[in-house]
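Okay, so here's just one chain, in structure tokens, the form predicted on its own.
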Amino acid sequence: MKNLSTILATLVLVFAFMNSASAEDWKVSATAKKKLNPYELSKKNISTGKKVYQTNCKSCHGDPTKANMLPLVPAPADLGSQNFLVQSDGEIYHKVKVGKGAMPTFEKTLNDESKWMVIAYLRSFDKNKKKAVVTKAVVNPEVSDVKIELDIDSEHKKLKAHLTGLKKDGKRAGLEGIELSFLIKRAFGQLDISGEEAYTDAKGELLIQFPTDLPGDREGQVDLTIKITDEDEYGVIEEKRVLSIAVPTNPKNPLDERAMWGTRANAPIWIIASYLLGVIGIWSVIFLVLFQVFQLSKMRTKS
């Protein structure tokens, strides 16, 4: 028995090693390695790449440089580590595109621009590439009490956010060049309606067009959250509103339908039937066993 356990343990380790080696054995052609990121390492591109990363990569790879990856075998790489960033842009692009093993392919999930934006974001953690980062020539004053104010033009369905901070002289000043995210709460997440150029102007203002065909509840209401996209500089700054600006609809709650994700009352009939038959079957076996025990006891008493 001891020998059998040793053999099984050895086989498990061998298979784990083989899977790990297979997953790490990336073959990237010399031509692919020579590819360079066609997009500059600007503040805007890094911020855009961060959005894509958080949506598509963070769940497995965690936060860059934090080593808080998902505990898988083989373990996902920390994409902000220098060990990973020694690779060329072309190597990283190739791996994101084709995938391997537990790493999915993003060839059709992300367009080329999004892939390169992720690489730009990762390069912002590369100590050897720091000097290549092109920052926007905007210097905002040192402020506290940063907040977002919102003006709503319901007639034309336009939203204007005003981002300000309190200066040392007690006056409020607009903050320029800060990316904002306009997020609408939906059934299974947040819908970003910010657009591509969601940066505040010299007055700290940002005007966006609310989607004219976006459905709301029966009264046309939606839950809106406006927040600073990159929380590193000012922390978590957000403003929440309930807007009566969407298209009034009578939305269907997916939990009201009979489905696998439905509530107990709305579970599929076959699941309910299987459950009841299972319960009846288990209790029938229990009663049968008890009855047989009782019969045996009765026969013993007679004898």
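Remember, predicted model here, so these are calculated numbers, not experimental data. A residue's number is simply how far along the shown sequence it sits, counting from 1.
There is also a form predicted in complex with heme C (HEC); it is not shown, and the following applies to it.
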Contact residue in the model of the complex, from Lys100, Arg186, Lys168, Lys203 (heavy atom within 4.5 Å of heme C (HEC)):
Lys100
Heme C (HEC) in the model of the complex has a heavy atom of only one listed residue within 4.5 Å, and of Cys60, Ala32, Ile237, Leu243 that residue is Cys60
Taking the partner as it appears in the model of the complex, which of 74 to 82, 224 to 232, 205 to 213, 148 to 156 has residues with heavy atoms within 4.5 Å of heme C (HEC)?
74 to 82
How about Leu175: is it within 4.5 Å of heme C (HEC) in the model of the complex, going by heavy atoms?
no
Closest heavy atom of Trp26 to heme C (HEC) in the model of the complex, within 4.5 Å or not?
yes
Check Lys95 for me: does it contact heme C (HEC) in the model of the complex (non-hydrogen atoms, 4.5 angstroms)?
yes
Can you tell me whether Val118 touches heme C (HEC)? I mean in the model of the complex, with a 4.5 angstroms heavy atom cut-off.
yes
Distance flag for Ser59 and Lys185 (Cα, change 3 Å or more) in the model of the complex: the two residues are farther
Under comparison with the form shown, the C-alpha atoms of Ala187 and Met103 in the model of the complex shift by 3 angstroms or more, placing them farther
